Ligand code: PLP
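Read the single chain below, which is given as structure tokens and is the form predicted on its own.
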Amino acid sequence: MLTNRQLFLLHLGQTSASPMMLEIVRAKGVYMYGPDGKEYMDLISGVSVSNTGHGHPMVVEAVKNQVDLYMHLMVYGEMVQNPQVKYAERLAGVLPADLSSCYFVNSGSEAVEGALKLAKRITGKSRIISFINSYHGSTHGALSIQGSEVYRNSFRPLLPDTFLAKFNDEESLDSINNKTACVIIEPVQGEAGVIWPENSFLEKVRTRCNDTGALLIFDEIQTGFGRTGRMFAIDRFGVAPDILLLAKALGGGMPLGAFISSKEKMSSLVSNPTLGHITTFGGHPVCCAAGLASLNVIIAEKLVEKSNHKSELLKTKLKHPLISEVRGEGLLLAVKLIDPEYIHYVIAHAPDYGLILDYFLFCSDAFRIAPPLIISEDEISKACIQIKLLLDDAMNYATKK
């Protein structure tokens, strides 16, 4: 009889030639558990998804209650479904006033696709500006605006009239002109290795969009729901977009995405043609119930406010000869090592030390730390001890080579 690991390789489409291959049978809080009971501390939250941890009782209860009422009823937008309505109302209450109309989809990539269509529909223009080393997803349109040729070239031809600007480069904003439909930007570049805007860069992007009539799209798919030390990065920078993209933590561990704009702008999808954007499972009631519960947990337990202190604790404790910098704010951090050659060893051997770590797509000299916001100070201390032991092992391995 084949093992689960063998069946995984045989029947599931693979994303790489060397998947992590950890088998997990349950997860709780900040931990995942293997079939043998081995404990792994999740320091990446499923890539910024599990902000309230695994199996939070309030989220699990919300899911169970909704399953008992109903699951899928009809394609999105046709029926009044309480979980969608309540969650959209709650989101509007924590976002700027102009971001009051929520279109639920299934994922971050779908949110990107919907936002690009909305921008083209409103402006009647086609030019799209994104940024080098940005990541917006892997579907065709999202891939077309991704900031790396490595992932795009094998799938050309892609969406036309797309251009890459340089993040934190004011001169690069000259590419935004009167032909531009939209500028899509991550307020903090995640996969570039947690790169923050400098010298009021986001304000300058906003001004340039205002001057040219382009719509500004903020991709907060990775940074939303407390990840950067504020509920949303837009709260920290004081710059409001025309369209906001959310996913990952939006669903509280369930698959959910959204693009959010003003009621006036969103109404552009209602006619010419009718059904200008369609999704069958977008805003699935169980996902919306989970997401609403998760957001309520973040607010009630003051996880955003606590994340800043936890961030400083991590930075204080992560001192090691191999670490040259710990970059970021809140609980989205990049741990930069003195030599990129250590990165693969560290991530590959992290499970041996009871840790789950991860790469950045466009940053070869750092690894990601983005634990659930519920992580305790004791768990942070434990994690840092294990990380430093892992780094010691990496140094010894390099010495023996």
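Sequential numbering from 1, following the sequence displayed. Predicted model, so just to flag it, every value in this text is computed and none were measured.
Omitted here: the form predicted in complex with pyridoxal-5'-phosphate. The next part is about that form.
pyridoxal-5'-phosphate in the model of the complex is approached by residue 135, whose closest heavy atom lies within 4.5 angstroms of it. pyridoxal-5'-phosphate in the model of the complex is not approached by residue 242, whose heavy atoms all lie more than 4.5 angstroms from it. Proximity of residue 108 to pyridoxal-5'-phosphate in the model of the complex falls within the 4.5 Å heavy atom cutoff. In the model of the complex, pyridoxal-5'-phosphate stays beyond 4.5 Å of every heavy atom belonging to residue 307. The candidate stretches are 320-328, 208-216, 100-108, 167-175, and the one lying within 4.5 Å of pyridoxal-5'-phosphate in the model of the complex by heavy atoms is 100-108. Among 222, 180, 294, 130, the residue placing a heavy atom within 4.5 Å of pyridoxal-5'-phosphate in the model of the complex is 222. Scanning 234-259 for heavy atoms within 4.5 Å of pyridoxal-5'-phosphate in the model of the complex gives just one residue, 248.
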